[in-house]
Each structure stands twice: as C-alpha cells, then as structure tokens.
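We've got the same protein chain twice here, in two forms, each standing alone as structure tokens: structure 1 and structure 2.
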Structure 1
Amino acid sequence: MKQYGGVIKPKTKRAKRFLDNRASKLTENVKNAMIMKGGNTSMTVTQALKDIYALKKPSAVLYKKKNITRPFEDSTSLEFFSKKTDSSLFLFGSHNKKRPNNLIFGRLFDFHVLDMIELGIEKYNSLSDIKGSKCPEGTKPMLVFAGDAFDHENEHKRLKSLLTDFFRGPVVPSVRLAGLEHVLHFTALEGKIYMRSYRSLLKKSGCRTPRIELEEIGPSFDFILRRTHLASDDLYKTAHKQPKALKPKKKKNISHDTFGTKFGRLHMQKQDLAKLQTRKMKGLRKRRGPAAAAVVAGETSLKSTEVE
C-alpha cells in the first residue's frame, strides 16, 4: 500500500476492501481479539490461550511467536498490532516469578489502549481435561455474572463490561431457540473470580419454557484480580458516544398515557356550523312567503291525486 503523508492509497481491490472494513462506521463490526504470548510463558498459559481462542473463534487471531513487551509499561507494539489486524480486544499471556500464569485482558478505542485488567490463573482445567461433547464453534454464548462484587466495586464493574465485550460475539436481531447451548458463568467471591463454561440442555417441562440442565464442557478458571489500568472517565465517555444517526427517530404527534394507549392529535380548521353538511330532509326545508304556501298546497294536492 502506497503511503502519502499518512494517507494510504490501496493498490488492489482486496486492500481497498480491508481499508473500508477497518474505517469508522455507524454500526460497527464484531470486535476482533488478538491473543498473544509474552517473553516467557508456561504450559498453563499457552494452553489457556489456546482454549480462549477456541471460545472466541472465528473473530480472534492467535499469534504463535513470543512478543517481548510489557503492556502495562509500553503499549505501542500492542497498538501497532491492533491496527494491522483491525482488532480492538487483546489477551496477553505471560509467566514470571512475580506474576505466575498471568493473563491480561484489554480493549482498545481508536487503536489506543482503553482498559487493561490483569488476572492471575490459580486453578485451570482445560478443554481437553474435561470429557464430553462440546458446543459447535461460533455459538453465541449466554453470559451470567453472579456476586454482588460485580455491582459494588469499580474494578469489578469494569471487568464485567470487559468480559461482556470480549465474549458476547456478534450482535444479532434474532437467535435460534434450540441453539442456545453455551453458557459462561462468572462468579465473584472473596476477591476471586470463578469462570465456568457449561453446555445447557433444554429438557421438557410441563410448559413452553424448557427446564435447564447443565453439563460442564469448556475451560474452567479460578482467577485472581491483579493490576488494572482503567481509562479515565472522559475517555471512557468519549468511547461510549453513539452517533446521532443511530438514535431511533422520534415520531412527532404521538404520545402514550399511563395505560399504554396511543394518542395522536388531529388539527382541523375552524368549522362554520351554519354551513355544516348534514342529512337533508326535504320537508323541513324553509319555504318563503304565501307563494311558497300555495306551492306547498299545490304539491300536497298533487301528491294526494297521485296516491289515488
């Protein structure tokens, strides 16, 4: 791609398509995640990254090579990678003595780091450890966040938002009822976060709504919250700004009352009640003077003769 003072001019149609896909849009694409390894990684971390990549497929890229960077200190290489692959979520796995089995979940806004939360893996069961049939790839998972910490603590709130963003998948208008198989359950308890992945079985119940039975499938993690790098409030606010075009258009003249009845107003011109169009009754019509009276008499006599 040829560059001219920062403006890239694509040479092929494929390049042009990629640039258009990467450009700002009104309704955005699914967030892509890049999963990468740090300078030193353990077996646990590599396996964990692979499992999360399996959960997040196809909107994720897994890098094989190690990247010797420290996201909390220098995030330039992360931003560079995100721009190259058009990813706004990342997962960085590393391992050292001070922070064993470290996973950093993060997201970017406009290819600059927005939030980063470091989680340490205390206990881990991989996909291969747990036997049983798994969910097909790409199913939209149901997410459940349990525990009051997710509501009271600031860091946990951000973590909740980050995890939702990470795992929710594409936003769709409708979902197949039989396809609601995957459930990701996060529990915040005693400073730890337990992540479990289940497969839901819809069993027959007496009524329309099925009874749920769960079967554990996917990776299970016991996380501990370590460092965080959260975005400042105004940057967070800017990131949330929705374009005006997306707001639903308010229809004028329509109002609802407390019962839910829909009201609208009709605007009419002033009516002249004297000239209103009503049913015409010939007998009630006004007759003028004696001539009129004679006419009436004549009419009535005529009518009587006709009848006879």
Structure 2
Amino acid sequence: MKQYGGVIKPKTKRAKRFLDNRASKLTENVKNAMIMKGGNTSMTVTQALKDIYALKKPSAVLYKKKNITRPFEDSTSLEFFSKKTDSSLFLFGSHNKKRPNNLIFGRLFDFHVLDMIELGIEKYNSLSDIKGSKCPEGTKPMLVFAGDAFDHENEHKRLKSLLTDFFRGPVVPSVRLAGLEHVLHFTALEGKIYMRSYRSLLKKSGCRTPRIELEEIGPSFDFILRRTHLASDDLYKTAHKQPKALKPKKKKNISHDTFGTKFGRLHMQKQDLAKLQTRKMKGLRKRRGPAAAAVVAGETSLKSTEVE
C-alpha cells in the first residue's frame, strides 16, 4: 500500500479488501476487545483476564506478553494497538502495592481513549473453581443490572454503559429460546460491584412456558470502584451520534405504547347520521300509497276515541 497526500491507496486486491473492512460503515462490525496485562501482574489478575477472554471470545484478542504502560498517564500504546487490531474496547490488568489486583475497562472512539474505569478485585472465583457445564463459546449473554446507583450516579451510569458495550456481543435480529442460556448479573451495593455469571436451565413446568432455573458457572467478581477517566458530555454525545441513514423515518399517525403495541390513527370526513345505513327491518320500513293512508287514518281514529 502507498500513501499519497494522506490517502492510502491499495496496490493489491487483498489490501483493498483489508481497507474496505476497516473503512467506516453505516452498520459497524462487531466491537473487538484487546485484553492485555501490564508490567507487574499477579496470578489473580492473569487468571481473571483469561476468564474474561473466554466470555468475550471470539471477538477478543489476548496479549500474553507484558506491556509496560500506564493507561491513566499515557494511552498512546493502547491507541497504537487499537489501530493495529481494529479494536474499540480494551481490558488492562495490573498489580502493585498501592492498587493490588487492578482491572481497567475502557473503550476508544476514532482510535482515541473515550473513557476508562478502574476496578479493584476484592474476591474472585475462576471458571475452573466452579464445577459444572459451561456455555458454548460465542453465546450472546443477557445482561442484568441491579442497584439504584446504576440509574442515579454519573460514574455508575458510565460503568453500566461501558460494561454493556464490552459484554453485549453481536447485534442479531432474533434469538431462539434455547439460545438464551447465559446471564451476566451486575449488582451495585454499598460502594461495591458484584459480577456473577449464570447458566439458565429450562425445566418442565406442566405448561407451554418452561420453568427457569439459574446455575452459577463463573467467573464471579467482587469489585471496588477506583479511578475513572470519563469523556466530556460533548465528546460523549459525538461518539453516540448516528448517521441520518440509520435513523428511523417518522411515520404519520402511528404511535407505540410502552409495551411496543402499535396504534394507528384514521382521519375521516364528517358523517351525516341521517343518511346512515341501518339494519333493514320490516317494522321500520316506510309505507307508501293507500296502505300508509289507512294506517294513518286508523291511528287518528284511535286518538279520537281516547279523547272522548
């Protein structure tokens, strides 16, 4: 590939396909994640990175070598690896005396760090510690967030958005019932974040709807919130901006309620109720000619006798 005036022009078909895949699209590719460890790590951090990589596969890249960098002080190396692997998410693990068993979740916009949140591991159970059958690789998880902090506190709101981006998987048009078998549950309580992973089991219930049971499969984390680097409101709004082609066109006279039910409004001309066609009955039929005159005469004679 050659570069002319800041524009890269491919010389082969393979290079052209590569650049087309990296180019901006209306519907972007699945977000990839970089998972790497710093210069100093512990066994807990190393195993935690492997377990999160197992949950994120195949949309993740695991770096086994150490990377001597500090994301909160200098993020140039993260941005370099992001551009190299076309990744917009990253997870960085480190360990030191001041911040032991440290995980940094972050995301990038236009190959620049958008926001990142540092979490400390207080308690951890790996995938191998919890016995039982696991979910297949690449299973799209269901995400559950519990706790008022995720709705009211700004840092927890951004953490919820970041974890949703990290674990949600590919966007699919439909999911079969048997495919809803992996649940990731996040709870914010008393300044801590609890992460649990469950496998949903469909049991017989005696009716058409199955009975649901949850079985913990790991990994499980007890996190504590540490440092944060949040984007400004303007940059955050720019990162979430959608192209006009993807915005749904508003249809007139159609509305939806909170449950997704579709309602339509019809506009009709003013009706004359006097000309409204009703059900034809023999007793309501208008009479014409001598028969109608005889009926009218009979009614008048009845009235006259009643008056007398």
Partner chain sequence: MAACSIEDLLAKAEQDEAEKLKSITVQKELDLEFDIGNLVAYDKNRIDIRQFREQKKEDFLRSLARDNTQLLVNEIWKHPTERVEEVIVVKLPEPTTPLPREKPPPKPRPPTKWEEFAKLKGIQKKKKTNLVWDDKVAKNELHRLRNIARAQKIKVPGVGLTPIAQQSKSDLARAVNVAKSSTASAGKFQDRLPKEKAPRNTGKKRKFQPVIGNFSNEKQRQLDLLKVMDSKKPRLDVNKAVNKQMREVDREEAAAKFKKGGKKGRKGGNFSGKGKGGGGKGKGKGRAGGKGQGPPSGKKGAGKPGKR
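Every residue number counts along structure 1's sequence, beginning with 1. If you superpose the two forms and keep the largest set of C-alpha atoms that fall within 1.5 Å, you have the rigid core. None of these values were measured; they are calculated from a predicted model.
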Matching the form predicted in complex with the partner chain against both blocks gives structure 1
Rigid core fitted, is the C-alpha displacement of G264 between structures 1 and 2 2 Å or more?
yes
| query | Any chance the CA of G206 moves 2 angstroms or more between structures 1 and 2, core superposed? | reply | yes
task = Could you check whether the CA atom of N40 moves 2 Å or more between structures 1 and 2, using the rigid core for the fit?
result = no
Here the CA of I254, compared between structures 1 and 2 on the core, is shifted in angstrom by 7.2
With the core held fixed, R14 moves its Cα between structures 1 and 2 by a number of Å equal to 3.2
